[in-house]
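Before any questions on how it binds or moves, here is one chain, the form predicted alone, in structure tokens.
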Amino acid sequence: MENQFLRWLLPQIKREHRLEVPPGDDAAVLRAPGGKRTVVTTDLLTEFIDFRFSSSKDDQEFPPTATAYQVGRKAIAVNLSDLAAMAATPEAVVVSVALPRQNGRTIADELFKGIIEELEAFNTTLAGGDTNAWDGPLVISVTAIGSVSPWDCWRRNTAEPGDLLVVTGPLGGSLLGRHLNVTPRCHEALAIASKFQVHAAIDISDGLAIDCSRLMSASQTGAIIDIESVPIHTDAVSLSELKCNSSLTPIQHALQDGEDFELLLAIPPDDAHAFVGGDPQKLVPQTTMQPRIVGAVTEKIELLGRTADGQTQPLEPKGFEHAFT
């Protein structure tokens, strides 16, 4: 079955100038863009944790079940989001999957259709990977490779007191379905980097509060989040009203939910206001980006929430974390 699958897959991968040795050999050889640095990231998606397939007609509707096609697209998108957080251009990916023995071929076909479609949307190539089968659930691991000019790479550890914190879109409620339809901000990141100074960045994968705390921890700074300024996605409102959901408010969902894959940027004030005050469509045509200033970087190492009347209180860095002992 594996050989049959590879005979189906390999002809679908376009021959690429970036690959001196294409998929099908023991390893690919990637031509790195001249004068640029290589950026590497990896992410692992596991059935029942990052997605779930429908098991019966009586299966609960929340969170929505996924198709293998959606899983393939998401596996690529979440890795490209990490490249966007570094202001890197996506170049290639390597994909490894552990397929369930039962129905594995059907899953593989749909999975790789999603993978290839997402790669084509961001002009990225599939450099290779590995395919295994086992008696467990679907597991997919992607390693993404990008490029960036020297000194142009965004980092987490370079935020400065006085920077304003900007998010690129509304947050919360992603588990209503957006977690299966991720749009990495790759085009937006490159456009922002070309026009504005960005001191530090992170993608919001686990929640605004916890990811902001990670950014500040790396930079040895603090932050104040203006609670009233946090853009709340309509999904966060809908999710707060679901009976099957916990009693979180829309703003709590926006702060904690994760899987939004928007960018959180620390930007000097003049550039932050110019970015937020401009027309996103002129920066990136057809973008869905809606940038908003949500707070500021502070010198004192603490994470605070500030209400509309100016009162501040500690903001707990809640969000998604994988738990193990």
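Please read these numbers as outputs of a predicted model, since none were measured by experiment. Residue numbers run from 1 along the displayed sequence.
There is also a form predicted in complex with another copy of the chain; it is not shown, and the following applies to it.
A heavy atom within 4.5 Å of another copy of the chain in the predicted complex is found for one listed residue only; from Asp82, Asp235, Glu118, Glu91, this is Asp82. The partner is absent here, but in the predicted complex a heavy atom of Pro137, alone among Pro161, Pro137, Gly177, Pro170, sits within 4.5 Å of another copy of the chain.
Interface membership of Ala68, defined by any non-hydrogen atom within 4.5 Å of another copy of the chain in the predicted complex, is ruled out.
Proximity of Cys186 to another copy of the chain in the predicted complex: non-hydrogen atoms within 4.5 Å are absent; the residue sits far from the partner. The closest non-hydrogen atom of Lys300 lies beyond 4.5 Å of another copy of the chain in the predicted complex.
Under a 4.5 angstroms non-hydrogen atom cutoff, another copy of the chain in the predicted complex lacks His199 among its neighbouring residues.
Stretch 82 to 90 is the answer when you ask which of 82 to 90, 68 to 76, 186 to 194, 161 to 169 has residues with heavy atoms within 4.5 Å of another copy of the chain in the predicted complex. Scanning 113 to 137 for heavy atoms within 4.5 Å of another copy of the chain in the predicted complex gives Ala127, Gly129, Asp130, Thr131, Asn132, Ala133, Trp134, Pro137 in sequence order.
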